[in-house]
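Just the one chain here, the form predicted on its own, laid out as structure tokens.
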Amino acid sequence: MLERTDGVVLERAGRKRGETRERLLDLAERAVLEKGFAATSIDELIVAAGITKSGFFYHFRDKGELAKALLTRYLERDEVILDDLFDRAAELHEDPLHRFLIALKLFAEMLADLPGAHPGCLAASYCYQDTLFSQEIRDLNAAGVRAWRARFRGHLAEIAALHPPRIPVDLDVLADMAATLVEGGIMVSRVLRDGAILPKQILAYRDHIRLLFLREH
């Protein structure tokens, strides 16, 4: 009974530690998106989380480790979101072009459902202040961008094999266009305080893909 009780206590303690770590990451991400990584201090995160400084350093050795954990979580969540969108699209249509168009529509609808303008892109924020970060973190950010390119390039290559484009097109450039539209759309949405801009950019990209590859019969 004692062992079982100890196990429950340890489980609860582990869960609480995990919750505290996630809260710190949530607070840090919000602060970084609002004002940048350099202007985000450990002290303000400690106060906001209601923990001691030693409590912070229990979870993160230093601010650099916090930066890595933030970006890693952000990129992992990004992958999950895109996986879900493209998996749902695959369930709705077998043709790669129509699957891609459906996924972009789902993506635009998801972004349109945000309560306000998109809060921002952590990867872009890191890029703007990349001199603050280690080479490891810069490489991690670059890997995230390449993952987007590879994902979209893969879908576009599959599309082009069945639906030759109407005009010559560089699939790498077309794949990168998705990321640049999202990043640019986030910036313009925030500056103009208009949450509709970003999903409209995704739909414009969708129209561009449709006009490039779809031939009406």
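Being a predicted model, the structure only gives us computed values, none of them experimental. Note that residue numbering begins at 1 and tracks the sequence as displayed.
Missing here is the form predicted together with another copy of the chain; even so, the following discussion is about that form.
Q: Hey, in the model of the complex, is residue 154 touching another copy of the chain, heavy atoms inside 4.5 Å?
A: No, residue 154 sits far enough from another copy of the chain in the model of the complex that none of its heavy atoms falls within 4.5 Å.
Q: Answer for residue 19 alone: is it within 4.5 Å of another copy of the chain in the model of the complex, judged on heavy atom distances?
A: Contact with another copy of the chain, no.
Q: Looking in the model of the complex, any heavy atom of residue 138 within 4.5 Å of another copy of the chain?
A: Residue 138: yes, in contact with another copy of the chain in the model of the complex.
Q: Even though another copy of the chain is not shown here, does residue 95 get within 4.5 Å of it in the model of the complex, heavy atoms only?
A: No, residue 95 sits far enough from another copy of the chain in the model of the complex that none of its heavy atoms falls within 4.5 Å.
Q: Enumerate the residues of 92-116 that have a non-hydrogen atom within 4.5 Å of another copy of the chain in the model of the complex, in sequence order, or give none.
A: If the 4.5 Å heavy-atom criterion is applied to another copy of the chain in the model of the complex, 92-116 yields nothing.
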